[in-house]
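This document starts with one chain, in the form predicted alone, laid out as structure tokens.
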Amino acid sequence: MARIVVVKRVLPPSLSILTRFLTAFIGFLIAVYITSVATGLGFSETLRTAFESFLDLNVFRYISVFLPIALGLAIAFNANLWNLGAEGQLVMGAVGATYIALFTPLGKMDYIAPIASLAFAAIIGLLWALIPSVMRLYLGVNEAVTTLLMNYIAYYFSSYLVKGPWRGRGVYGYTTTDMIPDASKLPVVPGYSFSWYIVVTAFVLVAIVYLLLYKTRFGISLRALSSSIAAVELAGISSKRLALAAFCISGAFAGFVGGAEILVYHRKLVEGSIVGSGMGFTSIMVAWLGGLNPIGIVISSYYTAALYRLSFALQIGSAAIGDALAKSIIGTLFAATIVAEFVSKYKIVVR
């Protein structure tokens, strides 16, 4: 009796990359065609809108979010640790940065204010990630469940602050804090909503994480942790310390991004679901699309950021479609990318 099985495909690296590119490009064209039919626009106009989104400088607004978070998640995932809490760690980082900017003297000091705010945001993100990691390593609690649930605790905690003790005095009914002082704000590129300071920092982190994972004993041990804990222990390295370090770095990166969102984009603390906006969850996909490799994550961050821009372009451009349809179209593009990843690594065989 014939049966269908999935077999791992062995391709040379160059052919694997070419296969991914061609499959993703074909999927992209299919998604553009579906978009043109759904919106009533011509195929050429829809294609032009899509390419303009990929060339829009505002992709850096999302790259500066996805890239650092996905890099941190790649460190945890390489160690076979399931940190699904980047969204909550981002939100708590935003809370930490707001606290320094609004409620401490550091927030009014030129140059020192943004550095202190971002540093504290990273520390808060680290501490928020430390809770589930300790529960996993010392109590045996599944970290995928705890990190996922802690996202919603962070949401509610942030919302409590902006509706209660931190609510601004001059916000006229809105549930936000007051604006942060000018000294704490990071300058944005004129006409855009991102800061080159954060973008450059994100790309510096790419180099650091690459060297950390592939050129240091720590990184090699970390990657070995996913296949053999016993081998790591026999090498004289504590697997628990490695896991704690991986979780903490991952949380610190997400917390840093949360702080950057306050200093660059929001300029005040808003409700948790608005601060995160699901970008922490999206960063999980970005990390996997990049193959958990820092260089690949740069490409997947750019691709995902461009799709976010396309979503907005479809809603406010000549198409003027609703949010649900725009997101479904973007989902089609993501699905095409996942198919490309599958085709490059596996093949279906009838036996």
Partner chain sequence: MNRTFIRVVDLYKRFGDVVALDGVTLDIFFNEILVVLGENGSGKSTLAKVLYGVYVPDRGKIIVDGSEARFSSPFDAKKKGFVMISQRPQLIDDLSILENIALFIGEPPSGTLAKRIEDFLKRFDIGIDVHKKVFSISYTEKQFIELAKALLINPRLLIVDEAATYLPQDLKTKFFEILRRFVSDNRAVIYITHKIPEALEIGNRFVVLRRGKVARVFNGAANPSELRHAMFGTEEYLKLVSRQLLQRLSKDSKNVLSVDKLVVLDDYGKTAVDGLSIDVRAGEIVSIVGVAGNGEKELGEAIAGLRKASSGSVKIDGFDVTKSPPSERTRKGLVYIPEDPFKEGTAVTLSIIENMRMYARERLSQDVVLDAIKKLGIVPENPAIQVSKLSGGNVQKVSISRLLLTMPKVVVAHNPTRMLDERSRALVLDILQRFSLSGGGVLLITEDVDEAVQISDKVAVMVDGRIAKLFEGGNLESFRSEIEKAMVHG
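Positions refer to the first chain, counted from 1. From a predicted model like this one, the values you see are computed outputs, not experimental measurements.
From this point on, the text means the form predicted in complex with the partner chain, which you will not see here.
Note on the interface: of 216-224, 89-97, 103-111, 124-132, the segment with non-hydrogen atoms within 4.5 angstroms of the partner chain in the predicted bound form is 216-224.
Though the partner is left out of this view, R241 does reach within 4.5 Å of the partner chain in the predicted bound form, counting heavy atoms only.
Contact check for V270: every heavy atom lies farther than 4.5 Å from the partner chain in the predicted bound form. Although the partner is absent here, T201 is not a contact residue: none of its heavy atoms lies within 4.5 angstroms of the partner chain in the predicted bound form.
Contact annotation: A235 falls within 4.5 Å of the partner chain in the predicted bound form, judged by heavy atom distances. For the residues M179, A231, I208, V171, the 4.5 Å heavy atom test against the partner chain in the predicted bound form is passed only by A231.
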